[in-house]
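The form predicted alone is given below as one chain in structure tokens.
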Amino acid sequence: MQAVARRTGVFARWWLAAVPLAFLAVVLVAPALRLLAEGWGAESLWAPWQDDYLRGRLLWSLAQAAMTCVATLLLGLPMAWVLARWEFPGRALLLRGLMLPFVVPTLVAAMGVLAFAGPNGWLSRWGGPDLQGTPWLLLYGNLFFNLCVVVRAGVDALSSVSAARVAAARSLGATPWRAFWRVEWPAVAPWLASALCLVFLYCFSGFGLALVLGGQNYATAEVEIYTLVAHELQLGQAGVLSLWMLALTAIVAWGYAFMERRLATPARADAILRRCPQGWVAWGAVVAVVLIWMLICAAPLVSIARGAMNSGAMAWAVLTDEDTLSALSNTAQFSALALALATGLGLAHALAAQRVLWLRTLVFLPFIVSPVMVAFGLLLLYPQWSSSFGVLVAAYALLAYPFVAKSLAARLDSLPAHYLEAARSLGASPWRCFWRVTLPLLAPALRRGMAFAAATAVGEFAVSLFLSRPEWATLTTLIYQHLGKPGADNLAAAQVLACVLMGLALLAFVLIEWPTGEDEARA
């Protein structure tokens, strides 16, 4: 009987896997291969490394991603330790506020960074430097997006450190620093390494921030691929460059998936209790954490809101334009359909990929293959459907569903096995076990994954730029159109639209961070 049940489970798992695998094959792998085939043979495989200009783009892409990883680790680990070990007024709000940048669309974030640290920004008005034209502007934008990834991973990791081991080290005479270095650091290092892999992927294959903040001098290889295809029609060069980007990101993604699988352990019951900070050093550390959050995460968003508020009534009149109302409707329509599709795909992929490393790795393919490559691959492979409604929604869902699958996979790893065993011993069928036991336990992770997916769909930019018809313009493409036009009025209109888009992202943020009964119980 056990052998029959095992074979049935394997059969069901492969049926579940077939749906997302077929979707990935049609919408992602085939278009990417078509784009690569376009350049295969037209250029030497080593051409990007033999050309000084392209080699510089590749090396800068690696360097800016690596520097962002170092900066997020240096800032994020102390912040995570303070948030994990001390209880102070506003701690929960600060922890939730750290996630805000992660749901803000890249185009809005880029405008916020420019409004704060660019020409005539708050930073220069306070006597600070104007970062426009320097590599620091892109690094600041990367830090804005990715600091929360390391901090949240660090807090989760520190919360799983055994209190008994730390207490034993202290009872043997270890100083707080030695107890951290010998007990806590080995426990949190794999979590941080996993988070840094994700930060590297985001920075290395990012497009929107690099396009707006990098400029001509500090554009990444991703922007160069877009330029080669969209403006110079050098498909061969773009294909070879894409091949190298794929290879480099695939290595990092595999490492990330491997570490995530190793970290799949149930939470410890003897977590260290948080305590109130004592002394001026402790309170100084808390103040420093708040200041870093304000400088890195809050300042660009406040700058966007302030710019929109000061833009005047004429600028706000853009909200009544027919184009704006159409863009709002399109954004809502595309996001809702993409979210429904992404939820189904993510649920199927997470359930099928449990305990299967290579299948789990495939969920990161949409992170490896950039939206620019996907869009142009779809244009080349399906020219007759390239501007169709279905292809556009499928491309949206492709970029959103990994968030659902990743959130569910992490929750599935931590589910106690004895719950299902108890249900089965009472005679429940596999479907009834899933409906009455697994799904309720997955509900918080599903809600969080769907909220991230919704935020991704609402702020999607690259795919919309290339695949949508003029009548299907979304808020992001409308903002980009206003930015491309001269005049202060267009800039003000773009700021107002960015503020509206930020409001939609805030709505997703509330859904992500709204405390549930489970969250309150853990707190």
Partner chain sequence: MQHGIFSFLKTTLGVALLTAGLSATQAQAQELRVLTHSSFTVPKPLLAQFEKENGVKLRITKAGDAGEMLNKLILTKANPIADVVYGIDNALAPKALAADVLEAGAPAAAGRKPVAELPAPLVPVDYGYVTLNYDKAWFAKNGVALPKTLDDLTQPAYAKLLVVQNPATSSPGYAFLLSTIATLGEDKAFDFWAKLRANGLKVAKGWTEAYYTEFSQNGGKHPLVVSYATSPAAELFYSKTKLAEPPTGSLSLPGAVFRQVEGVALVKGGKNRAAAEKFVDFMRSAPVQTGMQTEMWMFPAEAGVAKAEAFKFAPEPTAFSAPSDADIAAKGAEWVARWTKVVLK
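Everything quoted here is computed from the prediction, not taken from an experiment. The term rigid core refers to the most C-alpha atoms you can superpose between the two forms while keeping them within 1.5 Å. Residue numbers count along the first chain shown, from 1.
Keep in mind the form predicted together with its partner chain is missing from the figure; the text below concerns it.
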>> Within 4.5 Å, heavy atoms only, which of H231, R178, R125, H418 is in contact with its partner chain in the model of the complex?
In response: H231
>> Can you pick out, from L337, A174, A285, L351, the residue that has a heavy atom within 4.5 Å of its partner chain in the model of the complex?
In response: L337
>> Please tell me whether the candidate spot formed by Q216, S388 and G487 is one where all three residues come within 4.5 Å of its partner chain in the model of the complex (heavy atoms).
In response: yes
> Based on heavy atom distances of at most 4.5 Å to its partner chain in the model of the complex, which listed stretch, 191 to 199, 161 to 169, 140 to 148, 372 to 380, is the contact stretch?
Replying inline: 372 to 380
>> At 4.5 Å between heavy atoms, is R91 in contact with its partner chain in the model of the complex?
In response: no
> Taking heavy atoms only, is A492 within 4.5 angstroms of its partner chain in the model of the complex?
Replying inline: yes
> Using 4.5 Å between non-hydrogen atoms, is W435 touching its partner chain in the model of the complex?
Replying inline: yes
> Looking in the model of the complex, any heavy atom of W46 within 4.5 Å of its partner chain?
Replying inline: no
> Can you name the residues of 52 to 67 that have a heavy atom within 4.5 Å of its partner chain in the model of the complex?
Replying inline: Y53
> With both forms fit on the core, is the shift of the CA atom of E87 between the shown form and the other one 2 Å or larger?
Replying inline: no
> If we fit on the core, is the Cα of A488 displaced 2 Å or more between the shown form and the other one?
Replying inline: yes
> Taking the rigid core as reference, does the Cα of D130 move 2 Å or more between the shown form and the other one?
Replying inline: no
